[in-house]
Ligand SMILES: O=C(O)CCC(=O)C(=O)O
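First, one chain by itself in structure tokens, the form predicted alone.
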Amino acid sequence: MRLSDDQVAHFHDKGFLFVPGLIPAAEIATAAAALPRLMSYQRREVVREKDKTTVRSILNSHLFDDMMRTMVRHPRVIEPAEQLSGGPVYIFQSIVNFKRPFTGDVWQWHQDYPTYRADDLMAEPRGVNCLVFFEDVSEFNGPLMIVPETHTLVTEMPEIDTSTTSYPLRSPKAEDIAAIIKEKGLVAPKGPAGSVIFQHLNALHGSGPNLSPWGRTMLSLTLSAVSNKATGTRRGWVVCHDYSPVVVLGEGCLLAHGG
């Protein structure tokens, strides 16, 4: 699947592109049916909320779960990412982020690339973060918020915040974020399961807690241009060190897989 010229221009101008309902409803429903299995894994890749019970995130589940292995090769995700990145891409990291009803915690404001540069020696932010909605996203269940036109923003290296949530994250100072948002504004893409946000690796983003009775599960699939290898030494279950181009599957691959 190819994006239009206008869609590509929007991504490069604004630092993100939202495509509602990109993955057909029957396919994403098949994938979502596997979420209880994902949450049942007892592995080091599973990150829990501060209550030490609720699953918050699962790192690189495509390396050990068949459904996710299919999901990260879906043509409606990979082909646009290749187009936006200018060529073949490899999987740098995949994270399934669960915002469980009532208990899903915040994601602090952050840019991904400063961490990739400092901790993983990624030379440039040449890649795409593909955010796939496994569930409907509304204004009530903690939608991702993006600050447009921040993909060219160079910020000081933030300290790692280990206190706000159970997930360590480099987050800029609140006063700096406030000034940027006042200038650039905010967007919060909302839509049905199967929608996809293609986000520049350097775009400033975050999300609030989920106080609603509806879950907000999202795949965050970070793809980097094959020529833009991250050669750092973070552990392989946190980030991937296989720089092989992603082999794209065919349309309907999730239905063929059967979840």
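The model shown is predicted, which means the values in this text are computed figures rather than measured ones. Counting begins at 1, following the sequence as shown.
The same protein also exists as the form predicted together with this ligand; that form is not shown, yet it is the one meant from here on.
Task: 110, 129 and 144 all contacting this ligand in the predicted complex, non-hydrogen atom within 4.5 Å - done: Yes: each residue has a heavy atom within 4.5 Å of the partner.
TODO: Using a 4.5 Å heavy atom cut-off, indicate which stretch of 76 to 84, 110 to 118, 146 to 154, 171 to 179 touches this ligand in the predicted complex.
DONE: The contacting stretch is 110 to 118.
TODO: Report the residue, out of 228, 70, 195, 220, that has at least one non-hydrogen atom within 4.5 angstroms of this ligand in the predicted complex.
DONE: Checked against the cut-off, the match is 220.
Open item on the list: I'd like to know if residue 224 sits close to this ligand in the predicted complex, meaning any non-hydrogen atom pair within 4.5 angstroms.
Closed with: Residue 224: no contact with this ligand in the predicted complex.
Open item on the list: I'd like to know whether residue 207 contacts this ligand in the predicted complex, with contact meaning heavy atoms within 4.5 angstroms.
Closed with: Looking in the predicted complex, residue contacts with this ligand include residue 207, since a heavy atom lies within 4.5 Å.
Task: Close approach of residue 97 to this ligand in the predicted complex, 4.5 Å, heavy atom - done: Yes, residue 97 sits close enough to this ligand in the predicted complex that at least one of its heavy atoms falls within 4.5 Å.
TODO: Answer with yes or no whether residue 216 is in contact with this ligand in the predicted complex, where contact means some heavy atom within 4.5 Å.
DONE: Yes - in the predicted complex, heavy atoms of residue 216 and this ligand come within 4.5 Å of each other.
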